[in-house]
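Quick setup: one chain, the form predicted on its own, written in structure tokens, and binding and motion questions come after.
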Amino acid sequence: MSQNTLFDKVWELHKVANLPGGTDQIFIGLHLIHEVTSPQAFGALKDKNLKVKFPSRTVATVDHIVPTDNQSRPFQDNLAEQMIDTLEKNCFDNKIKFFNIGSGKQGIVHVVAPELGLTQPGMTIACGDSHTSTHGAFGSIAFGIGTSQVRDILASQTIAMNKLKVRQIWCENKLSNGTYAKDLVLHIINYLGVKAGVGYAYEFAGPAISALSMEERMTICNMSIEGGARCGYINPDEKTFSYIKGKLCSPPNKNWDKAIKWWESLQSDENSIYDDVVKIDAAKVEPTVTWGITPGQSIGVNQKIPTLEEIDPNDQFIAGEAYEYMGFKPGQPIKDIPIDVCFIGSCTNGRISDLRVAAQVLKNHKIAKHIKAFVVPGSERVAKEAKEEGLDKVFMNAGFQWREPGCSMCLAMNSDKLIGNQVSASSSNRNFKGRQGSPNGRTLLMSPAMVAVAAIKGKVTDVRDFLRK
């Protein structure tokens, strides 16, 4: 088993007890909740006449079901209104801090917590959402959990888990111009496979990772779950500390130096032992696009969709399913595939830096006439910053719709949905069947820059060719 990694250190610091069967009881330092996976958990507590153990360690926001076109209350969708109303009442009754719409702090839970300084190195973090792994970008150990575990944390502030193995993914060199964190993580998932991470925590390291901004690191860790890993993390460094400093919930100045000293002590040791080490050359990564129905079914923008013979025998069945569902042919180039809808947003790529990159591509251009395109900021703060910088006008002048913060078309639990078998160029994290609201809708995952250029050209396009002009 691994030794002296950040994961090992944080795990041991938060282990409350060894349970029968080899499971550990782990204390959760920060519990994030939203409107979808919490109602049943609160209901279970009420049925057992239990109270929330540590209300101050739970923080709530609303993101999944909120409409992005009109957020006036009551919502037009009765179910969505019931869900947010239930969350409001549960938070009020249990004295839980709730960042509601209009507070200036509402947004996608995995965008809001880091920008408020709630997410810090060395923490254990849990949320009833699979992409909680995002917070590992700060050197925390963050898990997505189910409703029963949401209940357990509310009642005891702990969960029962088996300790994970640790795989280090060492990324050599640096990404080239026109490639981004999204391309790197899609490349990694394709290289290792969507099941390779089962039973593992992924530690992302190396020069290419160190060169990334904190928001790019969040993109990497966000999608570690798509490679089968239970969590992904990056050791904290000066970029981490600089990002956290001065935020609403960050350590105060009088404790700042002490906090940094503590965080640095948690970094993986130079002599750390890993269960596995994988090396990736980031310089060889090109803009990457998914062609199938899993995030692992991706290729470089200038490559062709693989034939069945080129695919690992263990993956051939789902590849055949992907050919049929997507309507693409083996050997077909991914470039120039027509696009119908372009979506920029989500907990993967809905932060201010993502919007800046896309706006840079879109500036002084118009989207293709047949394209429906919209951009959804990840939080109210991101929306405010974007408006202050004039990014909203760049998007709207290009033909994009500017929306209010929320999860939107990433999982289409609101009115933002694909229609029929539309093809979407999406900056989100999953391309599963029906993921974006239509049972026949087709999703191509790519970076925000690639989504922007696809909107302009109306088809899959290499953003590097566009940037060179």
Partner chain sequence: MNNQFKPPSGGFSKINGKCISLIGDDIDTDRIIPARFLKCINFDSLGQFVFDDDRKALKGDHPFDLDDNKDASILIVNCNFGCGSSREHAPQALMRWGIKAIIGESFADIFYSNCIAIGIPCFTLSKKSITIIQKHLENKDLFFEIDLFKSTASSRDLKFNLEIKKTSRKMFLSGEWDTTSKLIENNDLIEKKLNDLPYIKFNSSI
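Positions refer to the first chain, counted from 1. The structure displayed is predicted, hence computed values, not measured ones.
Below, we turn to the form predicted in complex with its partner chain, even though it does not appear here.
Ala160 is the sole member of Val277, Ile273, Ala160, Ala283 with a non-hydrogen atom within 4.5 Å of its partner chain in the predicted bound form. For the options Gln332, Gln82, Asn302, Gln360, the one in contact with its partner chain in the predicted bound form, meaning a heavy atom within 4.5 Å, is Gln82. Partner contacts here mean any heavy atom within 4.5 Å of its partner chain in the predicted bound form, and among 73-81, 173-181, 303-311, 384-392 they occur only in 73-81. Asp129 belongs to the set of residues with a heavy atom inside 4.5 Å of its partner chain in the predicted bound form. Its partner chain in the predicted bound form is approached by Val198, whose closest heavy atom lies within 4.5 angstroms of it.
Though the partner is left out of this view, Arg151 does reach within 4.5 Å of its partner chain in the predicted bound form, counting heavy atoms only. At least one heavy atom of Leu50 is located within 4.5 Å of its partner chain in the predicted bound form. The candidate spot formed by Lys15, Ser56 and Gly144 is fully in contact with its partner chain in the predicted bound form: every one of the three has a heavy atom within 4.5 Å.
Annotation for 6-29: interface residues with its partner chain in the predicted bound form are Glu12, Leu13, His14, Lys15, Val16, Ala17, Leu19, Pro20, Gly21, Gly22, Thr23, Gln25, Phe27, Gly29 [heavy atom within 4.5 Å].
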